[in-house]
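Quick setup: one chain, the form predicted alone, written in structure tokens, and binding and motion questions come after.
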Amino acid sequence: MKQLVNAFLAVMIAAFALMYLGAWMNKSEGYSGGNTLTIYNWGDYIDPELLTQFQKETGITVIYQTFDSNEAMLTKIEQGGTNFDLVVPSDYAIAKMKEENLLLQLDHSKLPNLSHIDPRFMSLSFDEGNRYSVPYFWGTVGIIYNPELTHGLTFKSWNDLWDSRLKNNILLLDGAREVMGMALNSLHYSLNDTSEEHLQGALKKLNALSPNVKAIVGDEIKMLLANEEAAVGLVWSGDAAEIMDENDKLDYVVPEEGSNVWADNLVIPRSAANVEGAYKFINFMLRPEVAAQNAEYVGYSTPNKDALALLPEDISGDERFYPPKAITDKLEVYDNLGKRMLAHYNELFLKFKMNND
């Protein structure tokens, strides 16, 4: 009997020791609540000085980890294991995270600085009422071009891309929604269109663009355009700003038929360990002076209307990256079209890519 009691006590002591060790390891890696806040964001997507400022103001230690795609982020969140307190997904990823019940519904009373956000970027289709997300940065999909190499074309219309003088001189980013959306917009259809007739019409028009397409590429599109390896590119506005910093000959435009407006947002995962700390950080980032400093560092467009007044005029007044309401009213977010329709978009895009090989 005494041996059984001793064995039981030994097992209990070992169990408590393992529990303590696990808790200590989680805390040391920033995976617990209290005075740590674990943030999961895109690389180089926040001013590091702001992280330091937040830590000094609150006493909360920030653990900052990065991802390079929404898909990689979603996989890690779905797998669990790491209790991220704050994540920065894009619009369509938020729709998927909502479907999978991965997000905590927000208490807006804890976010008084939400009033600084421009109403144009609130209650978008992927999160009506902003029940789960807070706007962080936004941008567009458009055309970057070198006026010295484009024969006087202004690209006010998507259809300028089909000009025969641009033969073998266009780079397209490697994205099904972006390229199919461009073709649909050029036909005056929604970039979320699901009509089979319209989608086949878009594919037919893309195939007609093939002689002008030099390549369909990923991140290298920035280097290639900056080095004038092509005259025209289909890009995100944030990439356009970066390319234009490298080569000031280039210009950027959103065609008049409309395009995509994308939005990255702050969300709190349901598995967050430090929810109160996450609220404090979101409210901190919503301060106009903080949002302005962050926008100037990152180079993307801020949705914070009161931060705009604090930005230099050459930034806030640049209608290429802060387009007027007449343009933004024509922009659409990418709706979550469902797995079957998204697979169909990818299939059509693959057919176009094979036509360019």
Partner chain sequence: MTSKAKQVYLIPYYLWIALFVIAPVLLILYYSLFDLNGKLTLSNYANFFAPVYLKMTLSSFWYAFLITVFSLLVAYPAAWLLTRTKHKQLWLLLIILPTWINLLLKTYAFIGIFGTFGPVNSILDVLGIGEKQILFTGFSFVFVSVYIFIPFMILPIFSALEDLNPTLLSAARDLGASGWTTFRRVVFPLTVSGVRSGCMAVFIPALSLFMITRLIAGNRVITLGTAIEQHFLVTQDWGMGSTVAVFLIVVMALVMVLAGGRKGARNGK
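What you see is a predicted model; the values in this text were computed from it and never measured. Numbering follows the first chain given and starts at 1.
Quick note: we don't show the form predicted together with the partner chain, though the next part is all about it.
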Give a yes or no for G218: in the model of the complex, does one of its heavy atoms lie within 4.5 Å of a heavy atom belonging to the partner chain? yes
Hey, in the model of the complex, does A208 get a heavy atom within 4.5 angstroms of the partner chain? no
Is K110 close to the partner chain in the model of the complex, meaning a heavy atom pair under 4.5 Å apart or at it? no
Contact between M285 and the partner chain in the model of the complex at 4.5 Å, heavy atoms? no
In the model of the complex, does each of K56, K305 and L308 have a heavy atom within 4.5 Å of the partner chain? no
Among N168, T154, S195, S125, which has at least one heavy atom within 4.5 Å of the partner chain in the model of the complex? N168
If we test each of L104, L224, L187, V275 for a heavy atom within 4.5 Å of the partner chain in the model of the complex, the one that passes is L224
Among 116-124, 275-283, 227-235, 129-137, the stretch whose residues bring a heavy atom within 4.5 Å of the partner chain in the model of the complex is 227-235
If we check the partner chain in the model of the complex, which of the residues in 335-352 reach within 4.5 angstroms of it by a non-hydrogen atom? K339, R340, L342, A343, N346, L350, K351
